[in-house]
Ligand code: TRP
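Presented below, as structure tokens, is a lone chain in the form predicted on its own.
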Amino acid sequence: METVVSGIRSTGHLHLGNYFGAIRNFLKMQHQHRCYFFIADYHSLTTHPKPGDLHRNVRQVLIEYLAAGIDPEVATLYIQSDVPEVAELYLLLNMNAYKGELERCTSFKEKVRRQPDNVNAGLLTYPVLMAADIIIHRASKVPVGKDQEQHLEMARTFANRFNRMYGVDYFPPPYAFNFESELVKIPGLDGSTKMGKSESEGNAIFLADEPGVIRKKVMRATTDSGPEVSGEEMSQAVENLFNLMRVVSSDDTVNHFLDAFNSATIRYGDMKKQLAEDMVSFTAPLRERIFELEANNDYLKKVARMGAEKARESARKTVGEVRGIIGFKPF
């Protein structure tokens, strides 16, 4: 059984794109591998969140991942800052990470461009903290998107460098757990090909959205003027609506509106109303579970405590052995 580690951002609500993408694969993985899923609250400090916002965001993310189906009795679900060994390994790895290689990181250069007034050390050493998150459990597989592949490559670099410097074969080099072929791509409501996480744009349907909010977002979704003749090519925006309908509606419903489009008789208003109701029905059990968890603070505390204990057991062992390899010995 392989060890798998994946970080979860500590801000923002989950949307249908998250659910049909990584989350559904996490749900399968947790029964097939030794999985550690952590909420990356240390990473969020690079943007200097307010204390109340930080705690509220972490709590909400914990709730929504539990509601989506991650089982804390099966996988280890924990909050990054509840495992202080991560910070110690981060410090130790920083001693063997070099300024030049960190400055060449694509994401660092992009963040410097976007936020020139907040170029902090945490941004520079972000790949080192990510490496510590992964190798502290001596994980061999990491589910990552394209935007994180360079960070994973750097994690391999730091693991291999540690092994080479100290003449050991301790850290297994982590590789991408690639389930791209199994991902369902969920388009946005604004005509883009990807559902995003910015609620202000009305692009995403969030798992916690109330029915009225869902209906309003779907009715505002981008379309076109409609086909004028049978067999007309479908625009990207309309194709998006059909793709959304394919994941939440019945085959009969999809075929009904496809026939209407192909015969140039489709009424987008009717299609949107049907799509909105199907989305409301699909998200209802998830939304209800979110509300149940929000009201059960004792259970959330139990989950966080249990996750921290399980993660620390693994992390303490690793850091203890790393200290011994480096040469830290008790007198």
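Numbers for residues come from their place in the sequence shown, where the first is 1. Note that the structure is predicted; figures quoted are calculated from it, not measured.
One more form of this protein should be noted, the form predicted in complex with the ligand, which is absent from this view; the next part is about it.
Trainee: Are all three residues 22, 29 and 68 in contact with the ligand in the model of the complex, where contact means a non-hydrogen atom within 4.5 Å?
Mentor: No.
Trainee: Just one of 211-219, 224-232, 131-139, 156-164 has heavy atoms within 4.5 Å of the ligand in the model of the complex; which?
Mentor: Of the options given, it is 131-139.
Trainee: Only one of 43, 289, 34, 272 has a non-hydrogen atom within 4.5 angstroms of the ligand in the model of the complex; which is it?
Mentor: When the ligand is considered in the model of the complex, the option within 4.5 Å is 43.
Trainee: From the list 126, 90, 261, 242, which entry has a heavy atom within 4.5 Å of the ligand in the model of the complex?
Mentor: It is 126 that has a heavy atom within 4.5 Å of the partner.
Trainee: Consider residue 238 of the chain shown here, and say whether it contacts the ligand in the model of the complex, taking contact as heavy atoms within 4.5 Å.
Mentor: Contact check for residue 238: no, nothing within 4.5 Å of the ligand in the model of the complex.
Trainee: Can you tell me if residue 6 lies within 4.5 angstroms of the ligand in the model of the complex, counting non-hydrogen atoms only?
Mentor: Yes, contact at 4.5 Å.
Trainee: Give a yes or no for residue 79: in the model of the complex, does one of its heavy atoms lie within 4.5 Å of a heavy atom belonging to the ligand?
Mentor: Outside the cut-off, so no.
Trainee: Would residue 102 show up as a contact with the ligand in the model of the complex if we use heavy atoms at 4.5 Å?
Mentor: Judged by the heavy-atom cut-off of 4.5 Å, residue 102 is well away from the ligand in the model of the complex.
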